[in-house]
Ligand SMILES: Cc1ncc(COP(=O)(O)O)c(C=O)c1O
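This document starts with one chain, in the form predicted on its own, laid out as structure tokens.
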């Protein structure tokens, strides 16, 4: 009988078992991710985990570390809010992976749901023309979440409600692209005589990485004709009124993120978005709320409920499947259901197993809603107090709940803080690559509790005191 070439050693080229051994030891050390046991070790090298020779980055592009040939601090294994690097250093992940690991690493109930789903016959993926039961159930759940307390039968008959879902998107970029196309189609069908369409976006927006989405944040303008993009400053209502007054019916779409994580975690004000809603109604522009960052991070699942508005389109992504597999969606009013079948789709957008994980994610959030809300409010309050304590260094706290940043007076201080934090095992982000940006960003996964919040904020205080 031929030997299998599908074992771990062969696939990972792990002839001596070193990689398997160090990963197993790392998982044993992390255990169930108990913060009480792990927090004292953050930043330390864990000697019980053996050294292993791991793959290098020689084939990567330069921007992702091709030049890092020795001892990269890449992830080895993770559990909960913690992970071990290949150099065996323990980190507290303050960013939920890359903002998409809703429950951190290896959430046990999600893992159990995944394995149970496979055993029951839920397939990994399939042709989008024949969506399986979890995909159809997820579409229904997203409509329920978008319209809490509404009668489902009445929703189906009301094209003014958020009652239609495009689930065929693997990534937020594709979902945003679908929303842009809906806005353009509506404009062509109803307002084309007004002239070239205009898109109004926030300065500092991030709606994906394709060329049109990047055009909305100022890139590639030399390749676009018969189209205008006007960027406005977040929360400046007078400017917004002026822009809508100038362009009027030419405005095809308004785009906003509730929290601009690409603009130093600026939180939009309810009054601002309510004004935008009125202006969109007056000019026939479609309002798109991009919740790729905020969805599945709040008890309401979709954060737009907090602003007292009903958008025309809501874009979902990132945390929907808690990091298992990319899945995104557009939830929108039925009257804008104008896209043809293949106008906006990803090959693996209607994947059944990720849809099942998204259903499990919704259930976890709704079950834990009170605790999630309390933990997020506690963390943001502590960060606000910290900003007041170090007002000589910090402008203030930004964002909301688990998604909270610290704005520095000086960009050099923000960079120095970031380097110091990473050196002692706190994985967070710094926004310092645009002029005027000087903010540390965090987006803790939902297992955050007061103990972890106190540890993180206390450590931030020590670092600030050393600047």
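Positions refer to the first chain, counted from 1. Predicted, not measured: the structure shown is a model, and the values here were computed from it.
FYI, the form predicted together with the named molecule isn't displayed, but the following is about it.
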item	value
Proximity to the named molecule in the predicted bound form, single hit among 163, 201, 167, 293 (heavy atom within 4.5 Å)	293
The unique member of 173, 107, 361, 183 whose heavy atoms fall within 4.5 Å of the named molecule in the predicted bound form	173
Option from 202-210, 347-355, 277-285, 189-197 whose residues, in the predicted bound form, bring a heavy atom within 4.5 Å of the named molecule	202-210
Neighbours of the named molecule in the predicted bound form among 241-270 [non-hydrogen atom within 4.5 angstroms]	257
